[in-house]
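The form predicted on its own is given below as one chain in structure tokens.
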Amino acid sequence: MTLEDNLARAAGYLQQFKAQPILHRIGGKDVAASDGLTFESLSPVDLSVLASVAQGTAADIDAACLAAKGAFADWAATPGAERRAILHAIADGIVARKEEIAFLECLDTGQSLRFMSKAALRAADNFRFFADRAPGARDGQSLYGNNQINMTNRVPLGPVGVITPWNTPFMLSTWKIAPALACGCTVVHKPAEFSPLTARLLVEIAEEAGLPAGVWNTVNGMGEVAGKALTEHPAIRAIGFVGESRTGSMIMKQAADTLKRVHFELGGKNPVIVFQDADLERAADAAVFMIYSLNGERCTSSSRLLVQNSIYDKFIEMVVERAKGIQVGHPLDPKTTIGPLIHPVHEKKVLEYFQIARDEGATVALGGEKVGEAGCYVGPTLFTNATNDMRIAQEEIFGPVLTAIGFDTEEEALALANDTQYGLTGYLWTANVTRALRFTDRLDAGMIWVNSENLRHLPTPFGGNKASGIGRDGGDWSFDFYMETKNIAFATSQHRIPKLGG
């Protein structure tokens, strides 16, 4: 389809948000904000208003938490096979509305259709993956000891809070919410205020699939009000959060008084390390893909390019040539790779780093400027002649911006890669298997890909070290977070019990 075709279809999908504000969904009912206030969701394409959205208050969060608490006992007692059927039905509903989801996500976030069309299907895969594990969620172990048999099992933790980010919000919401539902928890979801549209679709799909009222509640609003109230609410047993490291620190403090369990997927300043013996063509393709796809607004982007000096100039030329061919434009244009950044506030932050780079002495080898006058468009950017102590090499820019640094030896490359507060991912390119094993063992990151871009395998653990997060998602690791493990010990003999006193 052409851009014009897609714009016409998108206009049809937007009509549902024109009649009335997007309301909270609490206990299976649409609920306005307790004080009646709303906020506007702007499209980064042209800053037009997409929808008015109920602005959640502490009272709204309290109502949602109590609804989740009230629904918990019945949902936790629902057999795993029944939960599996409902979660598969949610996945079916996502697939049925995949175009609507993708188009709205493009307009609300600025992400290009070539990626968002796949994100909806990935969201369905998340539900199917965890659905199939629901029947065995409570399974434990049998452990023999002296004079006893121990049996472990797991029970759902209780009502949980999920706070999701504005980048690929639909898919990331399913990544957090699907395992919570699969193991028997109830949910209060607070979507990011910059991209609230598809969160409404998601809870609608869930309820249409048969999810009981109150099991999943959605409250929109600002982080400093609705988000804070959620992290502090005594009925909520855990908080799953995806977002900035600084915000994660604030949530941890807010959750401390009620001893909440927390799971954080936070920021990154991830290195892609290229040795001279690497397959340079594939490495260049991967380096460009991992920073310039999804507008660079992804926690796993390879925003630091560490290249062995013997191939530095050649490899930089390869990256520049590839990046020059990237089209910046309307996210619904099938030819677009980079769409507008999420919001004028974020665009301003990214643009400020262009001057910072120049002030620090780096070279702008590509881009480094706003594209066009309307919307929040920024072109693919590459900084060279950088050093690892520069702000552009240490701070998460969260845009289509790559910083290149040279190295001579393996030890130098490792020191550069680890010299950051973050530790989410790393990407290593080398033909030397021994080096790959040695290097990855010492690289301080939660996830490392060798001779590959980021290819997710859902059973594997996903999460970061240092300021990049706490805990792991994926496979059984998600259930470990949303469930409590219980041990029951049975005596197997009439062993002598010590007597106290006379």
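Computed from a predicted model, the values in this text were never measured in an experiment. Residue numbers run from 1 along the displayed sequence.
Quick note: we don't show the form predicted together with a small molecule, though the next part is all about it.
For the marked spot (164, 254 and 267), a heavy atom within 4.5 Å of the small molecule in the model of the complex is present in each of the three residues. Contact with the small molecule in the model of the complex, defined as a heavy atom within 4.5 Å, holds for exactly one of 299, 357, 236, 177, namely 299. Taking 413, 91, 242, 199 one by one, only a single residue has any non-hydrogen atom within 4.5 Å of the small molecule in the model of the complex, and it is 242. The closest heavy atom approach of residue 379 to the small molecule in the model of the complex falls outside 4.5 Å. Contact between residue 430 and the small molecule in the model of the complex is not found at the 4.5 Å heavy atom cutoff. In the model of the complex, none of the heavy atoms of residue 110 sits within 4.5 Å of a heavy atom of the small molecule. Although the partner is absent from this view, residue 191 contacts the small molecule in the model of the complex, with a non-hydrogen atom inside 4.5 angstroms. Shown alone, this chain has one stretch from 391-399, 67-75, 126-134, 317-325 that lies within 4.5 Å of the small molecule in the model of the complex by heavy atoms: 391-399.
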